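Quick heads-up: it's one chain on its own, the form predicted on its own, in structure tokens.
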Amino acid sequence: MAHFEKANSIGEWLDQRLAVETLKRVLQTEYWIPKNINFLWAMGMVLAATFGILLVSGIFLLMYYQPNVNSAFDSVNYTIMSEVGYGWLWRHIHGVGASIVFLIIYIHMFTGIYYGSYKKGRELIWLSGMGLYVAFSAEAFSGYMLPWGQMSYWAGMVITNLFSGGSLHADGLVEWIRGDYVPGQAFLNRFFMLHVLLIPLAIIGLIVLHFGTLRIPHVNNQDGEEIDFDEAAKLYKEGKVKESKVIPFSPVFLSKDVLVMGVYFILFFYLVFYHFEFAMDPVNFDPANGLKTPTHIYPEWYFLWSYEVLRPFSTNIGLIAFAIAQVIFFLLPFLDKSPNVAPASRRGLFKFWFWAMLIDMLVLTFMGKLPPEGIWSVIGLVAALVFFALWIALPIITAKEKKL
């Protein structure tokens, strides 16, 4: 009891009961980061900050949104946009954030691929990160349903149809998801609940897991150098080296994160105030109408690449291709047979594989927005075939890679 009587401040009181100082030391001042990393390693913190903005803006929108098929559209486009003070600002923040968060995810994802941050010992970092990608995708899709505009309705119709193999009679699965034969009140209720509660909880849990998996094997670095963190940290603290290989996460690396986030938020709010329309599909400013099909149905830009993988093929083959495209990135740590943890630029054929995959996914994204006709249809088919060919080639070219 004498130990607890010594507490003479709130900080000491909390530390004695929650080991606050120990937690701070483990997660911040004694969490060591390689010094030779660039600004791309800040994308994880940028992503977490953007998720925070989405949570806050979503709460403000939730105060006025009405999850009812008869009033959802008006509550978003009239009440929030015109009648609520600064409602337009919160909607723009939420819309831009929901779109740009995927740009950050893809940058973060391809940075990990380029620098081999998924290699042996770091598989759980990659798998938890891909789990976050899936969770954010589900969150984005469920949120896209809520304005109950034309593209919301018909995108929901098309995507849920995928679960039936193109038929509405596949053991009632589609009707079970929708709660009806077509998207309606039950459908909107379910996606509202998923968007505001269940999926955000899953994302928070996966973020904690992702940061936890980073703590043990430590983050990779841009040279692929294997660092003895314990020894390097000891030399850093004792000041025995002129040029340390590691730096503490807080405050040294965290200050770099803050700088990158500062630049990012300048861009973010520039888009919010001046170019928010890129995150607002004009078709979705028409109320949902189950009797009027839009001329061209397509998902948001961040889903276009996987949509284009499905589109060139017949129903069954397309669904199989789509399913494979959704899970194939999870298998990357196991398909890459190379012993090297190094940047793609130093890995022989893998560097060509990396750039070919990146360019191919960009082509798939552009083709997914265009109508499937004429030359666009041919380019989409070729890009989809190249996507799968690259994944088939990956274990072959990496197995022959010489150890650096």
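Note that residue numbering begins at 1 and tracks the sequence as displayed. Only a predicted model underlies this, so the values are computations on that prediction, with no experimental measurement involved.
Beyond the structure shown, there is the form predicted in complex with a small molecule, which is absent from this document and is the topic of what follows.
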In the model of the complex, Gly44 touching the small molecule (heavy atom, 4.5 Å): no
Is there a heavy atom of Ile59 no more than 4.5 Å from a heavy atom of the small molecule in the model of the complex? yes
With heavy atoms only and a cut-off of 4.5 Å, decide whether Pro147 touches the small molecule in the model of the complex. yes
With the partner left out here, check for me: in the model of the complex, does some heavy atom of Ala344 sit within 4.5 Å of the small molecule? no
Taking Lys35, Val219 and Lys245 as the candidate spot, are all three within 4.5 angstroms of the small molecule in the model of the complex by heavy atoms? no
Where does the small molecule sit in the model of the complex: which of 325 to 333, 220 to 228, 261 to 269, 136 to 144, heavy atoms within 4.5 Å? 136 to 144
Of these, Val84, Val196, Leu206, Leu254, which has a heavy atom no more than 4.5 Å from the small molecule in the model of the complex? Val196
Name the residue from Leu370, Leu349, Leu55, Leu27 that puts a heavy atom within 4.5 Å of the small molecule in the model of the complex. Leu55
